[in-house]
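In structure tokens, the next block holds one chain alone, the form predicted alone.
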């Protein structure tokens, strides 16, 4: 029997609620497969852990995670932990950087059965992937503050773009475009008219890399225009490659046009598999609805599907996605509240698992 060692970090807010449904789907997959076993180890890290210990995760947390083949993360962040960067820089970003998870992969797809927020656009129009650089750029953490609290206070935040970091994320995007069954194009999101060093460099590297992929159509689009095109012509996009900040912002917009941020899955990948990769919904901890049992678990379950695909079981990942789409496409099935239904988090999770069992 095959065994996969998975680290589970439910985290904060709705993280634990949606994680329960993701694990429920994982256990159903194990039963469906018959020859696959998941060894799950839970880590109680997050903002509650920080308030008790002064740390978002244990001092040896990264070493503990390194022993696993993949990491499932629920959410990070809570109103009681300030300043806001504490939760991110104490847990999420150290994992991404230490394990060189330089690809942040976020599919934007309008699933069958989900009403389109864009007039005249359907599932055939909204189906693209954002490849976001995940370890440097605007989230490099380089900078500082001086003369704090005085009229002369200065804050500096520096963006760091390296050739190796920029080139490898672009090559990943081009390789993905080759593998996808669509138009085979890559759109590079830039702002080189204003950022005359970092983004001009980004554009130059993009053109250099593009020469090695003559079969792939390329476009360079300023981030403000790209944000408009996501709304006006989403069908134009196949693969988008973007910096850490631009990719982060555009994928929240993408979540809106795919129906809800409760549907938005994500992966933080180390493509070389030297370190574990991490899979998470992008919706955050949602403190306004935490504890109510109404969070949409689909993004978490979709992230589980992405994990299965990455660790070598693409057929099981596709099975999970079919179960999700069958559930959402059946208007008699329990429907999440953010999609106009009345079902609880667990009811939606149960419905997906029932479909999973039926599809075997």
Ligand code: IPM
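These numbers were taken from a predicted model, which means no experiment stands behind them. Positions refer to the first chain, counted from 1.
Beyond the structure shown, there is the form predicted in complex with 3-isopropylmalic acid (IPM), which is absent from this document and is the topic of what follows.
Every member of the trio 96, 106 and 139 reaches 3-isopropylmalic acid (IPM) in the model of the complex with some non-hydrogen atom inside 4.5 Å. Annotated contact segment (heavy atom within 4.5 Å of 3-isopropylmalic acid (IPM) in the model of the complex): 87-95, selected among 87-95, 193-201, 123-131, 235-243. Checked against 3-isopropylmalic acid (IPM) in the model of the complex, the candidates 253, 248, 175, 100 yield a single residue with a heavy atom inside 4.5 Å, and that residue is 248.
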